[in-house]
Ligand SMILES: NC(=O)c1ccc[n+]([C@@H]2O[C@H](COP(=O)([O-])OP(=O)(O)OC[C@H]3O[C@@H](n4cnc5c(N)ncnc54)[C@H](OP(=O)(O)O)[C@@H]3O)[C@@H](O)[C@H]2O)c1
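One chain comes next, on its own, written as structure tokens: the form predicted alone.
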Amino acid sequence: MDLGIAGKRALVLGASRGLGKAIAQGLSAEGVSVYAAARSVDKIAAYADGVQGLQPVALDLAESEQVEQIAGDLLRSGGVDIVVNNGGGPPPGTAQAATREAWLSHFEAMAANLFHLNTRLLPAMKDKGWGRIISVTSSGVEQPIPNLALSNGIRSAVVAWSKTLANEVAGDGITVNVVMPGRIHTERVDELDAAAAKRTHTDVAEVAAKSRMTIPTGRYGRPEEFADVVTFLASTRAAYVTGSKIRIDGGSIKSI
């Protein structure tokens, strides 16, 4: 299937590992020129050599000046057609234990600066009459995940922003969607399993086994399986899909 995006330009955030890396590689395979952004460009450079049209970009979403700089640099070169909002999650913890300072600092990096970056890049998409904005959140926005209060709360704000923006720009040929990963086997999931094992004084393998038992498919997902869904949403074929939340979780969430 021709996805119709060869020659498009994309900005993929959090592209140094895990889901972001898989998405950057998936878009590149479709002929998209990808700006792969992350705090650590060394990790991106390590896999970028074998990926055509992929350019590492240093960006820390917690730094407002860097966000403004990358927006300006991209706009001066013509902007981008696709933005994939993806970033690392905050540390685990309960809602009761989360401090005001933690809420503010993580909201700035995971939401406020993200919103600003997309707002800066939108006019170039509107001028072209085409654009795709895809935000990677978590299944926790639909069914809160225990001990991930900061993530559940802040990512839910990203969903509300996405839905609002989708209604505003649909007539400009721009789609805005949210993708919700379940247990995809990335470094982040390994870290969460390790944290759960430490908290419960059990073995990491036991934690992972119990987690897999809650997934109807009986396994963790693969990053490339998640990236394939994102790549489709970025395509011309998905022009009528906007304002949607799409789960890639092996059937874990069973609510209607």
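These figures come from a predicted structure and were not determined experimentally. We number the residues from 1 along the sequence you see.
The protein also exists as the form predicted together with the ligand; that form is not presented, and the subsequent description refers to it.
Q: Would R39 show up as a contact with the ligand in the predicted complex if we use heavy atoms at 4.5 Å?
A: Yes.
Q: Spell out, yes or no, whether the shortest heavy atom distance between V189 and the ligand in the predicted complex is within 4.5 Å.
A: Output for V189 is yes: heavy atoms within 4.5 Å of the ligand.
Q: Wondering, does R17 line up within 4.5 Å of the ligand in the predicted complex on heavy atoms?
A: Residue-level check for R17: yes, a contact with the ligand.
Q: Is R132 close to the ligand in the predicted complex, meaning a heavy atom pair under 4.5 Å apart or at it?
A: Answer no; every heavy atom of R132 is more than 4.5 Å from the ligand in the predicted complex.
Q: Check each of E206, E225, E68, D60 and return the one that places a heavy atom within 4.5 angstroms of the ligand in the predicted complex.
A: Of the listed residues, the single hit is D60.
Q: State the residue from I82, V136, I154, L117 whose non-hydrogen atoms include one within 4.5 Å of the ligand in the predicted complex.
A: Checking each option against the ligand in the predicted complex, the one that comes within 4.5 Å is V136.
Q: Heavy atoms within 4.5 Å of the ligand in the predicted complex: which stretch in 137-145, 123-131, 164-172, 94-102 meets that?
A: Only one stretch passes the 4.5 Å heavy-atom test: 137-145.
Q: Using the arrangement in the predicted complex, list in sequence order the residues of 71-89 with any heavy atom within 4.5 angstroms of the ligand.
A: Contacting residues: N86, G87, G88, G89.
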